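This document starts with one chain, in the form predicted on its own, laid out as structure tokens.
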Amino acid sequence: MKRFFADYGMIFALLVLGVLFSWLTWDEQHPTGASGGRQLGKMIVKQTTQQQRIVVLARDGAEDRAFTEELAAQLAGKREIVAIIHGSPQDARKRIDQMLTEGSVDLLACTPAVSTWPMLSSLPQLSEIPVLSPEPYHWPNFLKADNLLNVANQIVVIAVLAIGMTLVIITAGIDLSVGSLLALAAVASTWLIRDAAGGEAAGTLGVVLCCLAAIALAAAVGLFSGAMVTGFNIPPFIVTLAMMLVASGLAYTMAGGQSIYQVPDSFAWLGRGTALGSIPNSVVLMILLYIIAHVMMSKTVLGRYIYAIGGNLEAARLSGVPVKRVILLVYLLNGALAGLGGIITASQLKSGAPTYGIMYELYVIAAVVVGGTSLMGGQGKIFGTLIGAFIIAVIQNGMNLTGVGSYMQKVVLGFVILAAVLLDTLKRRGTLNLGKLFASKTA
């Protein structure tokens, strides 16, 4: 337990943030969509008789149609629905007036939004007809399933890039080019699909090959950065700063400064599609990548080499570790993961643009540092980085839900990064030992 707390102590910060934003976003909820239709159907069965004639009212939208479809399924064979009306208040009034002249209407069943229409209470012919809608309940907006999936989906790209950045930082390096590599891969993949694979008519194989080529391009840039670091001993900060400008310039040149959107619908499968229920494919991919990276860093020789290089490069070299080859591989993997992040972004937005990835390198480094990886190298955990990515995402999402402005969000994020670095510094100096502190409290 002591070791777990030392490695993954930030998970408790994530839980505290979850509790805080759950409390701050506690609000009255109005069931909509299929869940609202299901609840209302059960309510109608309990409160009405089979002889009553029911009219269902809803606006014209996907969520409203899901509501009416589920409500109809719940009442099938139990109650009589004489009409389902989708549209505006004016459309509903015309249909209801017509139905009242043809026969009686005993109950109006509607969505929460429709139940507030003034005509339902102001028109004399409707004032005597009961109106039922799903009963409201209280629940945090932060903990709504849609919001939690949104948090996971929003952090996917940052989290994928953060895997490669973790490897680089553990070797005591840094890579400022990941945001530009993301943009380069997004532009390169969509450019190849448009000009070489047939654009909107491109087949699945052509799309996959174009995406692999874009990832390979980003990996090649990462390999070049690693070669500059190992071959000429240029500080990683300077090398990757230069490659950030190079990759960004290439992306703008390739795209002509414009977005490239001539891609087939199948291109959105990775970023928007779902394979496991309502979980996005990109989230599933992110989880698989973190499992693979964790196994590599904790169970393989390569992982031990990476930690050894970050802990003491000279000692690792004297111990027989192929330092240059390992660093080259780390930067190559980092570039490839940045390229994959670009493919995911392009798939989510169904386009490629050189403006993608701006400031991403800062968010990625923040996720890695907040997750417990030391900027001095030699220390860090892959799943700690995932926790750090979710901390960043939860802070941003929570501030959005509570109405904090975008400028103030930057201030808060800056202090979060500073606090994480301060904690790492105190731990390295021995001033703060979270593992011992936890052990003493539980003794």
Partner chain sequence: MAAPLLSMQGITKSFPGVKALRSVDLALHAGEVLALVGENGAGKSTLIKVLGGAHLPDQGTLAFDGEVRQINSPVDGRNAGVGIIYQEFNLVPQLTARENIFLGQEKTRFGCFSRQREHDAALALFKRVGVAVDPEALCGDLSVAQQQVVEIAKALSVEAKIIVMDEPSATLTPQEVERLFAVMRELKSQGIGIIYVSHRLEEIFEICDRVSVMRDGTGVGEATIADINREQLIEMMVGRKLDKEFPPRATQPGKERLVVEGLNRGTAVRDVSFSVREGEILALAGLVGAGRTETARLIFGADKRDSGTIALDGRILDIQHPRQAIANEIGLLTEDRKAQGLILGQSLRENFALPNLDAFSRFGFVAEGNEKVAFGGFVESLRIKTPSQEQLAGNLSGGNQQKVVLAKWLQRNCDVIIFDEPTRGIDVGAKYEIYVLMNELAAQGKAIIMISSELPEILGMADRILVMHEGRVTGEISDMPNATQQMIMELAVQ
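Predicted model only: the values in this text are computed from it and were never measured. Numbering follows the first chain given and starts at 1.
This next part talks about the form predicted together with its partner chain, which is not shown.
**is_contact(K299, its partner chain) in the predicted complex, heavy atom dist at most 4.5 Å** = Looking in the predicted complex, residue contacts with its partner chain include K299, since a heavy atom lies within 4.5 Å.
**Prompt:** Is there any non-hydrogen atom of A336 lying within 4.5 Å of its partner chain in the predicted complex?
**Reply:** No, A336 sits far enough from its partner chain in the predicted complex that none of its heavy atoms falls within 4.5 Å.
**Request:** Indicate whether its partner chain has at least one heavy atom within 4.5 Å of a heavy atom of Y363 in the predicted complex.
**Result:** Judged by the heavy-atom cut-off of 4.5 Å, Y363 is well away from its partner chain in the predicted complex.
**Request:** May I ask you to check whether P118 falls inside a 4.5 Å heavy atom distance of its partner chain in the predicted complex?
**Result:** No, P118 stays farther than 4.5 Å from its partner chain in the predicted complex.
**Request:** Using heavy atoms only and a 4.5 Å cut-off, determine which of G320, P124, P130, G257 is in contact with its partner chain in the predicted complex.
**Result:** When its partner chain is considered in the predicted complex, the option within 4.5 Å is G320.
**Request:** Please pick, from E102, D265, E314, D146, the one residue with any non-hydrogen atom lying within 4.5 angstroms of its partner chain in the predicted complex.
**Result:** By the 4.5 Å criterion, the partner-contacting residue is E314.
**Item:** Interface segment, criterion being heavy atoms within 4.5 Å of its partner chain in the predicted complex, picked from 174-182, 108-116, 291-299, 248-256
**Value:** This holds for exactly one stretch, 291-299.
**Asked** Hey, which residues along 358-384 are within 4.5 angstroms of its partner chain in the predicted complex, non-hydrogen atoms only?
**Response** The stretch 358-384, when checked against its partner chain in the predicted complex, contributes only Q379 at the 4.5 Å heavy-atom cut-off.
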